[in-house]
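Only one chain is included here, represented as structure tokens and corresponding to the form predicted on its own.
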């Protein structure tokens, strides 16, 4: 039997890679961005502590309107993804068996064998004026001329929902698989309708998976850059584009750092509010993710 010092050393060696990864790649960069966000340029290469970068966000309508639009669109995308993913996950978890179940999971995973950029370019090929969708609309007589379906909110929402669907299906299916069939049958035996059983039994049981999927999809959506820019064009108005412009285009790193911290604060606040409203704990939710 190992002695306590040896056990502690073994535990430390096991945890050291994870601690280093979290500390060097997550904690320290965020601390540096936080410090940088409070830096004001008072002279060439001379900076002082101040709140000018945050005040700039509130005094410039373009910034806070884009921020609010990003939050609203991200919540909308998350809700639409949940509505689409729930019946798919329910079918995979409760109905599909054997090879059919494996095939459905493979079909959900298949689009992610390529990068997000390639998937987004694929949607551009489908939705552009000379794309497949426009050709089909003209072929069936729904349009008499080429239809441009790109560079609008609908295209952005479509691309974001498509990109988040798998991350909603997996935690939902994981939660629904643990639901005992006898519980559902008891609900019907007691006179419950399908809607009643779904509302009173299935959805409450799947709530940890619902919350986990919503958190993942929301975080991926609010921090997305390629899909809103490519599918939305100049009308995309996504807050990550503002962050990119400050860092890369204007070389205003303190302003970009402030925007990044505001986006982090937004996502953290939405996640906290979601957990509070659903009565779920972060630990239970992470188990389903």
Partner chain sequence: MNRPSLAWKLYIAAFYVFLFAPLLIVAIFAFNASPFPSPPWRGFTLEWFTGSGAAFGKPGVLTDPVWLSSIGNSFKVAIPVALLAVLVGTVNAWVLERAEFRGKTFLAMMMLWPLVIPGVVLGISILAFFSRLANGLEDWLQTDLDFLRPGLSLVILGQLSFILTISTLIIAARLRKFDRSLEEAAFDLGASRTRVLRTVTLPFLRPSLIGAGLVALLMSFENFNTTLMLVGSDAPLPITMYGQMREGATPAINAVSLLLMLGVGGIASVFALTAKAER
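Residue numbers count along the first chain shown, from 1. Rigid core here is just the name for the largest C-alpha set that superposes within 1.5 Å across the two forms. Fair warning: this is a prediction, and the values are worked out from it, not measured in the lab.
Omitted here: the form predicted in complex with the partner chain. The next part is about that form.
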Inset, instruction - Spell it out for me: taking the partner chain in the model of the complex, does every residue among 64, 137 and 270 have a heavy atom no farther than 4.5 Å from it? - result: no
Inset, instruction - Tell me, yes or no, whether residue 154 is in contact with the partner chain in the model of the complex, where a contact means a heavy atom of each within 4.5 Å. - result: no
Inset, instruction - Classify residue 169 as contacting or not contacting the partner chain in the model of the complex by the rule of any non-hydrogen atom within 4.5 angstroms, answering yes or no. - result: yes
Legend entry - Heavy atom of residue 9 within 4.5 Å of the partner chain in the model of the complex: no
Legend entry - Touches the partner chain in the model of the complex: residue 277 (any heavy atom, 4.5 Å): no
Inset, instruction - Scan 115-133 and write down, in order along the chain, each residue with a heavy atom lying within 4.5 Å of the partner chain in the model of the complex. - result: 115, 116, 117, 118, 119, 120, 121, 122, 123, 124, 125, 126, 130, 131, 132
Legend entry - Threshold 2 Å Cα movement between the shown form and the other one for residue 11, core superposed: yes
